[in-house]
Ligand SMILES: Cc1ncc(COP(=O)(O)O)c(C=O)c1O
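Here you get one chain, nothing else, as structure tokens; it is the form predicted on its own.
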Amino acid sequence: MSPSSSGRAPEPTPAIGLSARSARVAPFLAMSILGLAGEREAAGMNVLHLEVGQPSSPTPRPALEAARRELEHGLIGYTPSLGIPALRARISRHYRETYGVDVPAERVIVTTGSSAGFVLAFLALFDAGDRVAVSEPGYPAYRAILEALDIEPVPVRLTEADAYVLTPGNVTRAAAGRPLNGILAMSPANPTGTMMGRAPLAALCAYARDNGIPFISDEIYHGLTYAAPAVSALECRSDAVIINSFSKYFCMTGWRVGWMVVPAHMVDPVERLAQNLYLSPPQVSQKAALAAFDARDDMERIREGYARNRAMLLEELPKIGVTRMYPADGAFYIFADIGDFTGDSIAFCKALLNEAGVAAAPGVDFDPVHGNRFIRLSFARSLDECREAVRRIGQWLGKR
């Protein structure tokens, strides 16, 4: 008699063949909260989404029009693995216009989002067992991708004494006398919004050069600053590896198109990796990204909206008891200390969602050690949504 005909449930099949590295990769909790928020919305709840780093503004019109033209043409196929030449040349021009640095188009590599850029960079630069310094708090996918590739992330604790950025001193302390094989920095930073000025960035680039190790700069939030423009690592070190994307400033998260700038000797190995890992970036997305450079006025208006949201949150959050926050000089996040209310940021965020309809990212996502007393709030929404979120959070905290 078969198990189904016996009336008994079949025995579960053991998980066979799963790799040890897959078990080491932690979930991205902000995305988990997004999934829970979607379930609440499907059940009829009105949810304010402050959990994910996704602009609420639409893709700029020139990009949409370029994509429509491409679709009407009908032939959507592979492109060169390093990206279409026109887009690589336009990104090269962007570095001349924005930072005053000369980057040959041959050193620009178009990627399937910045995420693919990190995979390509890590595979090209590091071997299993290598050690790479990353900030803590910091973007969780750094750790996850490094660990999936059997590369050791070396967390560098950021403190007020170092203006919450990586420095030669705190990197040296984190290395604990063992060699490092690379440094990965981000400015403006996720989740904190902190920025590195020219002098600190130059000092860190020089430290990496003096130690003979690569310097990777995540510049995905460039363009989204509120006090001073961001500095590119290419202004300090010509052989820095740059990762960027059209997702944030250009409001193109779902198009999955980003770019790298690499030293000349990296181009060939990165091309071979790209050819075999994903063949090429999406053709339509690349044509849309090329046109997005013509929408700077629209992007600046969106950035000005973020600036208003930021100013409101910095003024209103202390009024509801959230008084300690990292400096938010760039990006579109507030990394707020909620230690007066909880020691479990995951439970806090789930309750905030379920009881107040506000979705926030648990701080432990970004800082496994101290993050349980923090949450990250994205202000890439409308001013009304951000204001209503503060009202709901304040009302909810008053009932706890």
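Throughout, we count residues from 1 along the sequence that is shown. Bear in mind the structure is a predicted one, so any value in this text is a computation, not a measurement.
Although it is not shown, the form predicted in complex with the ligand is what the next lines describe.
- Residue contact with the ligand in the predicted bound form: S245 places a heavy atom within 4.5 Å of it.
- Heavy atoms of V262 never reach within 4.5 Å of the ligand in the predicted bound form, leaving it off the interface.
- The ligand in the predicted bound form is approached by G113, whose closest heavy atom lies within 4.5 angstroms of it.
- Within 4.5 Å of any heavy atom of the ligand in the predicted bound form lies no heavy atom of R237.
- For the three residues A67, E70 and S285, a heavy atom within 4.5 Å of the ligand turns up in the predicted bound form in no case.
- Exactly one of the stretches 165 to 173, 78 to 86, 220 to 228, 94 to 102 approaches the ligand in the predicted bound form with heavy atoms within 4.5 Å, and it is 220 to 228.
- Think of it this way: in the predicted bound form, the ligand has a heavy atom of just one of A121, M186, L313, I109 within 4.5 Å, and the residue is M186.
- Between the options Y249, Y142, F293, F126, the residue in contact with the ligand in the predicted bound form by a heavy atom within 4.5 angstroms is Y142.
- Residues from 332 to 348 that approach the ligand in the predicted bound form with a non-hydrogen atom within 4.5 Å are limited to Y333.
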